[in-house]
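Below you'll find only one chain, the form predicted on its own, shown as structure tokens.
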Amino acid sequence: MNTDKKRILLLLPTKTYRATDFLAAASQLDVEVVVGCNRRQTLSDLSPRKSLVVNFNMLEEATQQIVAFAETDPIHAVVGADDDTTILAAMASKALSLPHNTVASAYATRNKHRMRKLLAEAGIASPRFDLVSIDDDPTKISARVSFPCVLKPLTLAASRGVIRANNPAEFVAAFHRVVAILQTPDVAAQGKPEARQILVEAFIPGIEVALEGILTRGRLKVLAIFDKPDPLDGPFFEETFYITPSRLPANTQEKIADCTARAAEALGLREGPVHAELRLNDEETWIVEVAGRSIGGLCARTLRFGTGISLEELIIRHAVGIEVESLQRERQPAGVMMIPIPHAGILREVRGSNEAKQVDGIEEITISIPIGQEVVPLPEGTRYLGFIFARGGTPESVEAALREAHRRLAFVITAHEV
């Protein structure tokens, strides 16, 4: 065994999009990886290295497993790839005396009610909110709510279960729909009390942006600010386009960075990647969410730094203390379109891929749901049909390329078989 070689524990849920890119980045750095996953067989073909089966819902038990493993196979960093792994990454890092975010800060990023309370206490602009139970009477709740409002689960990601209501009737319908999502087997099986609660927030009008950053001892370095050119006004909040660099004025981008830094401090985040969602209007710069992990899906492929290193490589370098020559994003504009699911059913065929790839500026089109599988749109769904990536001379040309490529694609989705 090479005792000088860095070894990380990479926590990867079975449903993550990120496995291949993180493992490739570790290989590029010659960093040994121990894959921590809730199912061994799912990732065994991706990594010939050691693996560790852990239950992301049994945090104390999983932490003990990791500590026991590290006694014979030392670990230099614990890296969580997705939302489901951030709390365990903090707990394990603490137990192993590694640089980490506090468990409390990780929990705050995973519980939308806790996040809202901390942001409000710190005087950071975020929407008015109320916490209700799934056992409450939605008709009575709607009588005290100001409209429009947004209902959302406390811990689900990727806009799952997030619904806008404009009046009492829509509120009652949305309430029942969110309850149904919280009672689906994959959510209910987690056994968390948060699965019996719903956050009701005031709807914040305005444009939405995303910030990607990395924290080092509490100091935020902005890696990219993404424009989201499509309006996100509901009733559901399916994201489509991420375009960088942002076309917003420099002073507005400074406000976005400052607001994110203050929000991260209020939540107690100090180390590692940060992904923030914000809304901007004439009144204020508002924090929608802050996550203690990097951008989701395959969207990180839009970002390259310094001499061409990936975001995953940058994250691993930061985690194990390998110096990064430059955190500056490459100058060329880039973007991604997360392909939305038009309606539920079975994906039978994808047409027009070759034509879409011929669009000037398109680099890659990845269909992430196999043919023959069920597709479920938001707010119940958890996945996109795939991702389209583009680079170009201007943000406008990138956006145009993504829209044209998507226009050339056609998805054949049929009803479920009886």
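Just so it is clear, the structure is predicted and the values come from calculations on it, not from any experiment. A residue's number is simply how far along the shown sequence it sits, counting from 1.
There is also a form predicted in complex with a small molecule; it is not shown, and the following applies to it.
Participant: May I ask you to state whether Ala157 is within 4.5 Å of the small molecule in the model of the complex, using heavy atom distances?
Facilitator: Heavy-atom contact with the small molecule at 4.5 Å: present for Ala157.
Participant: Is it the case that Glu271, even though its partner is missing from this view, gets within 4.5 Å of the small molecule in the model of the complex, heavy atoms only?
Facilitator: Taking the distances in the model of the complex, the answer for Glu271 is no, it never comes within 4.5 Å of the small molecule.
Participant: With heavy atoms only and a cut-off of 4.5 Å, decide whether Leu303 touches the small molecule in the model of the complex.
Facilitator: Judged by the heavy-atom cut-off of 4.5 Å, Leu303 is well away from the small molecule in the model of the complex.
Participant: Can you work out whether Phe203 and the small molecule are in contact in the model of the complex, taking contact to mean some heavy atom pair no more than 4.5 Å apart?
Facilitator: Flag for Phe203 set to yes.
Participant: Choose one stretch from 203-211, 218-226, 341-349, 294-302: the one whose residues place a heavy atom within 4.5 angstroms of the small molecule in the model of the complex.
Facilitator: Going by heavy atoms within 4.5 Å, the stretch is 203-211.
Participant: Between the options Ala264, Val162, Met337, Ala81, which residue brings a heavy atom to within 4.5 Å of the small molecule in the model of the complex?
Facilitator: Result of the distance check: Val162.
Participant: Go through Val150, Val179, Val103, Leu96 and name the one with a heavy atom inside 4.5 Å of the small molecule in the model of the complex.
Facilitator: Exactly one listed residue reaches within 4.5 Å, namely Val150.
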